[in-house]
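Here you'll find one protein chain in two forms, each presented separately as structure tokens under the names structure 1 and structure 2.
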Structure 1
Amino acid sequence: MSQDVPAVEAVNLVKSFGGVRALQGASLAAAAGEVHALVGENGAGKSTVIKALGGRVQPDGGEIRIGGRQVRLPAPPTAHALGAWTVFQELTLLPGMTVAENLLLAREPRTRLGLVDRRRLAANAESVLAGLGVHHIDPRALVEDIPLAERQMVEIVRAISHDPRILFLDEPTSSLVEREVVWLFGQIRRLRAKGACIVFTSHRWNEIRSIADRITVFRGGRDVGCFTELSEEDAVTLMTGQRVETFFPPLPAAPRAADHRPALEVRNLAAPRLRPVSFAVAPGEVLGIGGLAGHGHRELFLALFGAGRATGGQVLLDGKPVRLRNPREAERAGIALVPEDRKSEGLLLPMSVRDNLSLALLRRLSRAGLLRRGLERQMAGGEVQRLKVRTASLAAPVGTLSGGNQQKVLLGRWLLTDPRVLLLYDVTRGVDVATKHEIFELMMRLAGEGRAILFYSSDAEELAHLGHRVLVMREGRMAAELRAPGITAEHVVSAAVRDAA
């Protein structure tokens, strides 16, 4: 292939989903031996372009070229045959199968009778993982039983193990912690050195800055420029059409503990992988929860929502003990949880925006066993307008929305329940910079209304700027407490790794 011929090109692609025009003449050209970043807001068309180049969706117009030759990609196997593999933003692993079965799908070792050789399957998968420096994932484990970050790594390993000439990575770091991102970037640099073309999307600008050779910016389904150097401020302006002067909004005044009874108090709460922990959150307080992945954060949030089994301790709301045996009891008590994986844990993707918004309110919206559709439309429409959800209509399947707008729908569902305590678990994962800013402003507004917010983030910078206090967890216990003002990302990371094995 000539060095002047792009490894992969999208030329004036057009694509509509119902009444939503996802691509409106979008173009992209990426070369062999480069990492080409694709950036833009959620809904700008990035994922749609990657799905078209990977054979997952068919464009309504325009051309796709690989190695200078126009191609038609009716399905992913056609792209695979041309050396192009994709790690999609929505994980494609089969949850009821093992890591090994997913990793070696359609290339399993066989016995002489043509049956899958189970013993060799696990051994081969272990070898593939080890060959790429992954030693902590059990190839015999069911995918549904491993954490989201490990599922993402399995998806990445599956694509890289095919030694692709072209690799599309759509938000591959959204669920990874820093050490896993370092691992991934090492693999990307290795592939680049071999002459592969990597197209990479991320909403974390420090990642774009550290790994990309060139950057193409998308806005409104079109490309608006390709750059070898671009500042974050200029990128935000290109992506949104406006300049965001202050990324993190100011915190409302910290509530004085002496003036309020805690909205939420936890006394010696224990659960699997969670040692007895105690803390309190005042009305109007944003309490950040930080630390390395796998140290009990998820177990804490699930236990507080009745979705995880607590083995001891006590939870009090407004000073009164409550039993949280299931999410329904938590919701009735005024607790809401926005989980980390909106697609598998929060939203019903084939159902409409309206149905997803009203899901937690069905009892309140019903009379004599019949759903009051007019009231449902009124409440859902009001929340769509308030949160600026971009959707063709309330009837549109929520799965057709961009990731950021899906997250807004999930937030809106729980805000409609009028919670006193809001549990936010990595709510900005895979969300663009403008939508992040909107979510941050919403958090500050909710705190200003007197709601208690428990906020976990895998991004230490977010915790440093958005929490009145930050509790750092290590090995299932509270290892440090940091208080604003003066919290920095370095303080959060240092507290997380100090004395950690």
Structure 2
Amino acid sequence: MSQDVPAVEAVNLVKSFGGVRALQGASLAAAAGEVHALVGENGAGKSTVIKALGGRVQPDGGEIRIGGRQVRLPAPPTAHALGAWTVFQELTLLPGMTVAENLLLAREPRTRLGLVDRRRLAANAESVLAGLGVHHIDPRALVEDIPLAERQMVEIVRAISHDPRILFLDEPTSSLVEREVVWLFGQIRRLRAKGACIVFTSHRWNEIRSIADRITVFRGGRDVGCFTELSEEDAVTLMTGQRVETFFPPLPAAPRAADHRPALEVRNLAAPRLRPVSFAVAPGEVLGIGGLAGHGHRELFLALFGAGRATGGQVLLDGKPVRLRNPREAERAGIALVPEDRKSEGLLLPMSVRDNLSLALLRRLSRAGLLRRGLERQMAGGEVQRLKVRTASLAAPVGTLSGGNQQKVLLGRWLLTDPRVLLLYDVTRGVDVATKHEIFELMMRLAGEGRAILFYSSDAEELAHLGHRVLVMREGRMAAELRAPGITAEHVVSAAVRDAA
């Protein structure tokens, strides 16, 4: 095949969902042996293009070409038959089934009688995983029982294991930590060397810089340019149509621990996978928590929010011990948690943006048991504006928003509760650069108001720049404490992986 024919091409795709015009003449061309990044603001139409190319969405107009030939993709299997595999932004794993069943769905090993051989199923899945260098995922575990990062890896492994000629990855790194991203990029390079075409989206510029051969920028449902060299600043300008800050905002002056009683103090808090940990956060302090997936930070956050089971220890708010047996108690005490998996832990996807925003506030928004709709609309509307949520209306179901905009709604819900202690669990996951900056500024403003902020991020860069201190967890305990200024991403990563010996 000629070198000039793109491996995959979208030409002037148009797609509307009800009244929302997701794509209005979007084009994209990616070549074999190339890693092609697709960037754009939340809601720019990246996922919609990828869904169209993967056969999950039917465009209203335009053309799709694979290997130069025009194709129609009524369903994903048609794309699969053409060698095109997709990791969708919202994962397509079956939660109540095992990792092995998911990995080998519709291609299970059979016995001579033609029945699925469950023993070999697990063994084959194990070797598929191991063949791609993944050793820590248990093929017999149910998908709903493994952490989000592992789920994301399973989804990626499933696509790669088909040896795709074209691979679409829609925000594959959003829930991965540094080491897993390194693994993924290794796989991408290997596929590229074999002549595959890889199209991926990400909101992390350092990832794009390190692996993309070319970059297509999307804005408002269409492409606004394709580049081989592009600075982050220029990209953001193209994405938003205006100049936007992309630096990390300055940290407000660190509160002096001696001046204050800690807003949050944790003494010997223990939970499954969490050895007893102790630390304190002063009012106005931003404390970052780092570490690899599965090393206890998730359990720590859940325990502090009353959503996980603490097996021992004490939590003090402003010096007073509090009981956190369930999220309601935590919320009343003034703790808010913005969780990791917006789909299963946070949002009610079929309900409206307004209802989702007011969910944590219902008590405060009601008078005599009746919800004051006007006040609700006013508060929700204000929050939508503050966070620049892109939605057709306050009444639109949250499930129809783009991934990043869903994340903003979730954040907005908790900000509305005016919490004393804010637990942020990877809140910038899937959020575009411009909004990320806004969220960072918001975090600093909230800290400046005297709130205590405890935040976990899978992005070491964020931890390095946004925390007065960073505690790095390893194997369920605090392995290192880093103090600003002078923290670098490398410090955070090396503290997370350093051998315990």
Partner chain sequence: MPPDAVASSRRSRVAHALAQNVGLELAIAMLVLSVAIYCAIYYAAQGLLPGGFELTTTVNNTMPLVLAAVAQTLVVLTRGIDLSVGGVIDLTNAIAAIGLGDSLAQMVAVSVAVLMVGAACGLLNGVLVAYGRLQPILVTLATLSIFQGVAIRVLPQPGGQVAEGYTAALANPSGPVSLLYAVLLALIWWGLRRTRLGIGIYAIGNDESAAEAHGIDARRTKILAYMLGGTFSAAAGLFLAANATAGDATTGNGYTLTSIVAVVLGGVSLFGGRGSAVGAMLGAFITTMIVNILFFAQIDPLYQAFYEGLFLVGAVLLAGGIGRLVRRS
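Here, residue number means position along structure 1's sequence, counting from 1. Whichever C-alpha set is largest while still superposing within 1.5 Å between the two forms counts as the rigid core. In this text the structure is predicted, and so the values were computed from the model without any measurement.
Between the two displayed forms of this chain, it is structure 1 that matches the form predicted alone.
Once the rigid core is used as the reference frame, the Cα position of Ala10 differs between structure 1 and structure 2 by less than 2 Å. Superposition on the rigid core between structure 1 and structure 2 places the CA atom of Leu113 2 Å or more away from its counterpart.
We note a C-alpha movement of 2.4 Å at Ala479 between structure 1 and structure 2, with the rigid core held in register.
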